[in-house]
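Starting off, we have a lone chain in the form predicted alone, written out as structure tokens.
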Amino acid sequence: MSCCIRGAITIEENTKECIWQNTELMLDEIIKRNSLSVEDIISVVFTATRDIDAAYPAVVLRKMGITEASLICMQEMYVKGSLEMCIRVMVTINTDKSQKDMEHVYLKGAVVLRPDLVKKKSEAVAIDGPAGSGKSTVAKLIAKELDYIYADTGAMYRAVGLYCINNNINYADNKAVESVLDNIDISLVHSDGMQRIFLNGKDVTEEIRTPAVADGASKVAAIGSVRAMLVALQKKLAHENKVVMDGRDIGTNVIPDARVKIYLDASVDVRAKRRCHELDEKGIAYNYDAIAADISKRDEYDKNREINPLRIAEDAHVIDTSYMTIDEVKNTILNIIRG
């Protein structure tokens, strides 16, 4: 079955660079918001207002690797008072989704063309950052302050990692993990802004907080089918509730339309000491050097993995928490949200 996705964007100047940059931005948003791959695209039709003639927008598709789809560029008729410096697109895709599930993309000044199709920003607050940056701790406090639901996405990946460990599945073997996904049921229970996570009906909230499970979570998080399963759950949760969600690709992939995006960071030394303190409080033995090395290794892995790597969203507020108290971080984020 095929469906059509519409898009439009205004550009700042009639130059080759500006035309291509904005066309790529529009197409990237269409692909991201509709979870497409380039192979899904059947045809692309561009139109441009007559004040745009420095380059063909369709050239961008070749640069993006879209080489099999049929392409066409046309100049629009001029109507007095119509929007100027505007590129429109209609993308036909091969999909099993219905037309009503498609999200159309109107960016910059083009939002005035179809305000009825412009998706409003989610009420969600997205908090991203590396391990030990304080995401989970501060996210829980923010959720409680705002009376939002707290969603710890990392716990979902940890639950998959725990299942693999408990069932002797090599979590570094993609095919082995994919073969057992149908046996994994993950659910979240929220109470007073707090989250407890259940794996196949068992509460594993405490059991998943070990270094071994953390390593497993990082590995399974790089598997496309695992991410697809959990991201679908996360998106549904975020768009049906007011949530504070933390993870590594929340603002860039899971909720790109989040009301506020935060990226928390801290030095490896500070994050390692925080992790040691957590383990000490739980009576779990630890080795600082091993934990610091593991955090550095995980940072490198998360930032360079092929699927949805850890990165800073362009519109995120970056906060270095190395020398801040939890209350200072919480209040800084609350000021951003309320502002």
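Start at 1 and count along the sequence shown; that's the residue number. Worth saying up front: this structure is predicted, and the values here are computed from it rather than measured.
Only in words, not in the display: the form predicted together with 2'-deoxycytidine-5'-monophosphate, which the text now covers.
Proximity to 2'-deoxycytidine-5'-monophosphate in the model of the complex holds for all of Ala217, Arg227 and Arg248, with the criterion being a heavy atom within 4.5 Å. Residues of just one listed stretch (169-177, 92-100, 146-154, 76-84) have heavy atoms within 4.5 Å of 2'-deoxycytidine-5'-monophosphate in the model of the complex: 146-154.
Interface residue among Ala139, Val243, Ile262, Ala221, judged by heavy atoms within 4.5 Å of 2'-deoxycytidine-5'-monophosphate in the model of the complex: Ala221. Of the residues given (His190, Lys108, Lys235, Arg209), Arg209 alone sits with a heavy atom within 4.5 Å of 2'-deoxycytidine-5'-monophosphate in the model of the complex. 2'-deoxycytidine-5'-monophosphate is not drawn, but in the model of the complex it has a heavy atom within 4.5 Å of Arg305. Using a 4.5 angstroms limit between non-hydrogen atoms, Arg298 touches 2'-deoxycytidine-5'-monophosphate in the model of the complex.
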